[in-house]
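The chain below stands alone and is given as C-alpha cells, in the form predicted alone.
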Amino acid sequence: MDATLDAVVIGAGFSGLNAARILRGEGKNIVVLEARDRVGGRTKHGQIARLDIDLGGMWLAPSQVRLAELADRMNVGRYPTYLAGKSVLTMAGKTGLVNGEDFTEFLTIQEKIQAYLLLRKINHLLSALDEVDPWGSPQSKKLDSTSVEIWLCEATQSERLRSLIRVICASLFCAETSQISLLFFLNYLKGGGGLESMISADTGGGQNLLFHGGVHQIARNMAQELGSALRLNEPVHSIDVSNGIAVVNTQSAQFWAKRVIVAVPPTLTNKINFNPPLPSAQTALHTRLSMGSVIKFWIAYPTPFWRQQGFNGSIVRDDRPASPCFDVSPPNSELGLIAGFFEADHAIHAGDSNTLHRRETVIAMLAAHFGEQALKPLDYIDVDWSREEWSKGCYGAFAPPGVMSHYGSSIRTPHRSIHWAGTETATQWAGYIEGALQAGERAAQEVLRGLS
C-alpha cells in the first residue's frame, strides 16, 4: 500500500473493531488486519441443532452499556439466563439443591457467618484498590506477592467456602487459585463491580442476559461497516516505528501509518517483531501473563425437560470437570440447550481427550441429576480455546503472583506510535466483551489525540 494511513488496527476482535469504528467515524483513513479468516476474536459463531450459537463470549450484564448500545443499534435482542427452579451444587463432598442461584441455602448457619466475613474481607480489600492504578495502591506489593489460594486458606477455615472460591476462580479466570495473583484477582473484581455482581446470572449480574442469534453477529455487523478497510488472513509479523512513520508488515503486504493499535491478547505479541524493541518492562509483562484454559460446550435436547422436574439447568460442582453449566434455551425455540465449561486444569486434561469422550462426560453428569432423558441429546459441540492459534486460551490473560506490581503499569503505555487495546487493558469489565470495547475506545481516543 503506497499511501500513508492514519492508523493500522491489528486484530478484529471487539476491541479492534470498536477502535476502527470510532476512528472511521472521525473520518480517519485506516485498515484493520486480522490473522484469522473471521472477525470476533474470542467470540465465535457456531451451530447446534441448526440453531446459531456463541462458542466464545456470550453474556451481557446490564451495566455493560457499550455492548448494549451496539446491540440496540443493530436490533439484536436479549433474553435472560433461565433461573426459575433448583440449581445443583456440590462443594467439598456435599450435594444439595438451592432456589435460583441462592447458594447461601446450601450453607450451614456457621458457614453463612463465615461467608459473610469472607465477603467483608474481600470488599474491604477492594475498597482500597484503584482500578486504574492498582499497582500504585499502598498494599499492592503485599497483595501481589501471594496467590489467591494462600490468602484463601488464611482468610477462612471453611473447606466448603474455599471450594466455592476455587470454583469461582476457575469460572472467572479459567485458572487455579494457586496460579493467580491476589492483586490481579481483586483488580478484576473491582472492574466488574465486585464478586457478587460478576458471578451472578440474575438481574444485574455478569451472566444475566444472552443474545438472540448470538453476540457474534454484532462483530460481523461491525466488520461489514468497515468494508474493504478490513483484511482477513493477514497476520502481522513486524512493526517498525524507528523512523516516525510506522511500517507494518504481513506476509503479503506492507502498510505505512501514523499510528498503530495492537488489539490482540498480550500473550500473542511475541509473534510480532517490534523495532525498536518494546521496553523491557512491557516485554516482561507480556511474557509473564498467562492465558486461561477453557473448553466451552453446548448440548441440545428436544425440550428443556429438566424444567418439568423443577430444575433450572444450572450445575456447579467442584468434583466434575464439565461444570459450571447453565440453561441457555432461547424463549423462541422449543429446544432445550445447556452451555457449560471445562475450565482451568480440567480443560487442560480434557484437551488431551476427544470431542466424543467429552460429550460422554457431559451426558453422564447431566444424567446423574436430570435422569435418563439426558442420555439422548440431539446434538453436541465444543471448542477448545487453547487450540485456537490466534487466542491460545480464553477468556483472557491472568497474572501470576509478582507480575502486576512489577510490570503492570506498562499494560496501557504506548510505545512511540503504538497503542494497546484488547480486553486485558481495560479498567472496567476486563476479560469481557465490554472490557474489549472500552479498551478499543480508549486506544482510539489516544490515536485521535496523537493525530491532532
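Quick caveat, the model's predicted, so the values are computed rather than measured. Start at 1 and count along the sequence shown; that's the residue number.
If you look for the form predicted in complex with a further copy of the same chain, you will not find it shown, but the lines that follow are about it.
### Task
Quick one: find which of 44-52, 405-413, 419-427, 31-39 has residues within 4.5 Å of a further copy of the same chain in the predicted complex by heavy atom distance.
It is the stretch 405-413.
#### Entry: Every residue of 89, 97 and 355 near a further copy of the same chain in the predicted complex, heavy atom within 4.5 Å
Answer is no for this spot.
### Query
Only one of 121, 288, 369, 78 has a non-hydrogen atom within 4.5 angstroms of a further copy of the same chain in the predicted complex; which is it?
Of 121, 288, 369, 78, the residue with a heavy atom within 4.5 Å of a further copy of the same chain in the predicted complex is 288.
### Query
Here the chain is shown alone; which of 176, 111, 130, 318 has a heavy atom within 4.5 Å of a further copy of the same chain in the predicted complex?
If I apply the 4.5 Å criterion carefully, the residue I get is 176.
#### Entry: Touches a further copy of the same chain in the predicted complex: residue 244 (any heavy atom, 4.5 Å)
Contact check for residue 244: no, nothing within 4.5 Å of a further copy of the same chain in the predicted complex.
### Message
Test of understanding: in the predicted complex, would residue 323 fall inside 4.5 Å of a further copy of the same chain by heavy atoms?
### Response
Answer no; every heavy atom of residue 323 is more than 4.5 Å from a further copy of the same chain in the predicted complex.
### Query
Can any non-hydrogen atom of residue 400 be found within 4.5 angstroms of a further copy of the same chain in the predicted complex?
Looking in the predicted complex, residue contacts with a further copy of the same chain include residue 400, since a heavy atom lies within 4.5 Å.
### Distance check, residue 232 to a further copy of the same chain in the predicted complex, heavy atom within 4.5 Å
No, residue 232 is distant from the partner.
### Task
Quick one: name the residues from 264-299 with any non-hydrogen atom within 4.5 angstroms of a further copy of the same chain in the predicted complex.
The stretch 264-299, when checked against a further copy of the same chain in the predicted complex, contributes 277, 278, 279, 280, 281, 284, 287, 288, 290, 291, 293 at the 4.5 Å heavy-atom cut-off.
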